[in-house]
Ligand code: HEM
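Before any questions on binding or motion, here is one chain by itself as structure tokens, the form predicted alone.
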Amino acid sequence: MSLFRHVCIVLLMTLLTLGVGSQAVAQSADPGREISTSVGAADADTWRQVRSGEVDANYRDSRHDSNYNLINAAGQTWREIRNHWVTPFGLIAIGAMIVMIALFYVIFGRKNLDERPTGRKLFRWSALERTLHWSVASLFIILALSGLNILYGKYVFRSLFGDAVWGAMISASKVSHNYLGPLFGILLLIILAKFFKHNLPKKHDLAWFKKGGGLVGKGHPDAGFANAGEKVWYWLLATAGVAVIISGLVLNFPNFDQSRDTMMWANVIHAVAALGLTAVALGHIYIGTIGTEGSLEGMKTGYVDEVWAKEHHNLWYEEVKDQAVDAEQLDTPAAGEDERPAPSQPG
């Protein structure tokens, strides 16, 4: 009798196990049924309440200082702005600038000097100023390339080289961007402070714009140490550049209790400002290298030919023309730039 009772108990437990197991299999095969069993009234009204942020006594959020619910509407808004607006903006801005530069070069060609260089040089940039310029320029290029790789690289390099190479590239981009960004910010602020007085607006800047920097009409428009186009670049760096620095620091140091919303908006501001600066920087690089005869020489050696100074910065030329020296004299130690006082440089 005892044996029969044990057998009945075993059979009953087996039947119960099979019943529960079949129900679990049925639920896993039907996700809707599983949700209705585990959640209960998870209908449209429930999810609308969750999305609206309404909570009750059963609500829990373990994230530090967070007031978000199960559905983060702000995060979705950020994603849409980034993917539907910021990403296309960067492609359009940078692509349009490349096309404009190419068309400009084809139509107008290189801006050569109207007269042959005389070989007499004027001191323009000190060794410190050139070092600052090339340091900021190098960091800008590295940060621009790494930032573009973070934003667009997955659409190109991942499919070309595979996940392993792509992973190494994105890791290197992220590390270089995070560590070089603050250094770029410090050096940029130093440059902005050093050249502030040369970039204050003047009345003759309006005439420079009207003549398109010398492209419209005859003759060269008046310009001091910095022409109006260079001043525009300076103030873009002083506004959009500073916005890049501040937003970058917010993103780079998330340990100062800034909220998730702050981080998301900092990301949008950082991307828009950086992409805009990158597009304009292409024009700056073109004008300062192959676009204008004699411009690169000044930032390489510190000296410019007096003809270049007279044509592009005539007001500054009138102030310093008596300090011109023959190129041969620059090869002697006595004429080294470190021993030459900086000339007066009107704004």
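Here the structure is a predicted model, which is why all the values come from computation and not from measurement. The numbering used is simple: start at 1 and walk along the sequence shown.
The form predicted in complex with protoporphyrin IX containing FE (HEM) exists for this protein as well; it is not shown, and the discussion that follows is about that form.
Contact between residue 267 and protoporphyrin IX containing FE (HEM) in the predicted bound form is found at the 4.5 Å heavy atom cutoff. Contact between residue 75 and protoporphyrin IX containing FE (HEM) in the predicted bound form is not found at the 4.5 Å heavy atom cutoff. With a 4.5 Å cutoff on heavy atoms, residue 174 counts as touching protoporphyrin IX containing FE (HEM) in the predicted bound form.
At the 4.5 Å threshold, heavy atoms of residue 274 reach protoporphyrin IX containing FE (HEM) in the predicted bound form. At a distance of at most 4.5 angstroms from protoporphyrin IX containing FE (HEM) in the predicted bound form, none of the three residues 195, 200 and 229 contributes a non-hydrogen atom. The candidate stretches are 221 to 229, 248 to 256, 159 to 167, 119 to 127, and the one lying within 4.5 Å of protoporphyrin IX containing FE (HEM) in the predicted bound form by heavy atoms is 248 to 256. The contact residue chosen from 187, 144, 236, 97 relative to protoporphyrin IX containing FE (HEM) in the predicted bound form is 144, the criterion being a non-hydrogen atom within 4.5 angstroms.
For the candidate set 82, 260, 111, 204, a heavy atom within 4.5 Å of protoporphyrin IX containing FE (HEM) in the predicted bound form is found for exactly one residue, namely 82. Shown without its partner, the chain has 140, 143, 144, 147, 148, 150, 151 in segment 126 to 160 as residues with a non-hydrogen atom within 4.5 angstroms of protoporphyrin IX containing FE (HEM) in the predicted bound form.
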